[in-house]
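Given as structure tokens, the chain that follows is alone and in the form predicted on its own.
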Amino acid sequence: MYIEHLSLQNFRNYARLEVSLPTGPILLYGSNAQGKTSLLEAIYYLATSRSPYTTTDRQLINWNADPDLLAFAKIGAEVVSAFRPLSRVEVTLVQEPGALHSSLNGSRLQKEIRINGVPRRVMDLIGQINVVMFLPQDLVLVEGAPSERRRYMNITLCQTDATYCEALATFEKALTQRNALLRRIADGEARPDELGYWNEQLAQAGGVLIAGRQRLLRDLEVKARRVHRDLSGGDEDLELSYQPSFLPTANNSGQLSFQVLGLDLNRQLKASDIAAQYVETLEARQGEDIARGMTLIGPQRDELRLLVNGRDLGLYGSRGQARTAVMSLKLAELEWMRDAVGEWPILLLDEVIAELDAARRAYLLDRISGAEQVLLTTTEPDIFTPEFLQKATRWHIRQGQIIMPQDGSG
């Protein structure tokens, strides 16, 4: 998979850009704040409907947009895949009139999706482009809040599994509605028996989420463990510990039993079995939920921990160990997604190479050498080997402009 043409209008510091992208590695170099990262961000946004750098879409609209005009940003790409005809994917972000100065959080921003010119849902956008992104900030997968690791699992799975993505949307909506109802019950404005519908909605969607996360982590662990042993010289074993806040498991007699933490990644559970036990547990614990005004168990509280030789890296690991584990996980994600979709995803590496020592830098570049399209950003092109620079397309990015080489070196 690769992007043949990229269009940007009023996106970040790009007033307008039309550029054809070659296959192979594309090295984007230049000083900071010139627009290198924005190109990667645009591609990632088309793939996932969200930015890896901000939670507010309003920040994506060019800050020099005329305040007297309707503020908007537009991203478009022509995508080549081995399994479907050339497709055109577009996202337009439009600030509603009067919202530019009154709504800094972007709550009045409209998102319009078109695929091959036809208006579609945001849900339909995801999976049109598959990407794996490497960032220095990926250390949050070890050191960050549990929500960062849940977000990682959700984004990875949504790119390849439409059923999971639909279940995630359903679960989030049902969770919001159930929590609001719990507060109304606590205030005497509703009855506990009104929870039944939302319990079923949460359980059915939650079963899909837990089963999907289990499958993902089971596969990722096999691949990440192999990479990690390479990077650590065979001295360390990496383990992915999935810790759902709720989990039904099968005991020796084959019956389901409740388990609060821990998951045997080698024993795959069915979504329907998980849902049946989940709804029973929601009903049994609804008194506590009413008292707290929130749903206390479910995928919204799941956790993922990375362990090396049995020790939790988030608690006991060094910075170097964390970097190695994250690199192992991301390379495992790359291999997993390639297997899942049947072709290489587009790779996006934002200032990652400079963070690595020479050995890990060489290892990473070797592992991604077969990808159809790789975009890398750097402020220091000299850190790359002459062999890599020889085969890479090199673009100098300056003030939202791509400066093409004139000497044939790119």
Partner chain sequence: MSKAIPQSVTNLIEAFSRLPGVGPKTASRLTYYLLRAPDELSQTLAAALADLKSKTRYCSVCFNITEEDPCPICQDEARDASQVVVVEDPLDVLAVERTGAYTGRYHVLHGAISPVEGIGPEDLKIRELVERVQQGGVLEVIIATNPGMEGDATAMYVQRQLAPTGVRVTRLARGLPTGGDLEYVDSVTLLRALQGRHEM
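Bear in mind the structure is a predicted one, so any value in this text is a computation, not a measurement. Positions refer to the first chain, counted from 1.
Here the subject shifts to the form predicted in complex with its partner chain, a form of this protein not shown in this document.
Inset, instruction - Tell me, please, which stretch of 127 to 135, 303 to 311, 333 to 341, 185 to 193 lies within 4.5 angstroms of its partner chain in the predicted bound form when heavy atoms are compared? - result: Residues of 185 to 193 come within 4.5 Å of the partner.
Inset, instruction - Sort through A180, V122, L296, A291 and report the residue having a heavy atom within 4.5 Å of its partner chain in the predicted bound form. - result: So the residue touching its partner chain in the predicted bound form, by this definition, is A180.
Inset, instruction - Work out which of S147, T92, S81, T176 lies within 4.5 Å of its partner chain in the predicted bound form, going by heavy atoms. - result: Only one option qualifies, and that one is T176.
Inset, instruction - Indicate whether its partner chain has at least one heavy atom within 4.5 Å of a heavy atom of Y316 in the predicted bound form. - result: It does not: once its partner chain is placed as it appears in the predicted bound form, Y316 has no heavy atom within 4.5 Å of it.
Inset, instruction - Examine T170 and determine whether its closest non-hydrogen atom to its partner chain in the predicted bound form is within 4.5 angstroms. - result: Judged by the heavy-atom cut-off of 4.5 Å, T170 is in contact with its partner chain in the predicted bound form.
Inset, instruction - Verify the contact flag for S232: yes if a non-hydrogen atom of it lies within 4.5 Å of a non-hydrogen atom of its partner chain in the predicted bound form, no if not. - result: No, S232 stays farther than 4.5 Å from its partner chain in the predicted bound form.
Legend entry - Contact test in the predicted bound form: Q201 vs its partner chain, heavy atoms, 4.5 Å: Yes, contact at 4.5 Å.
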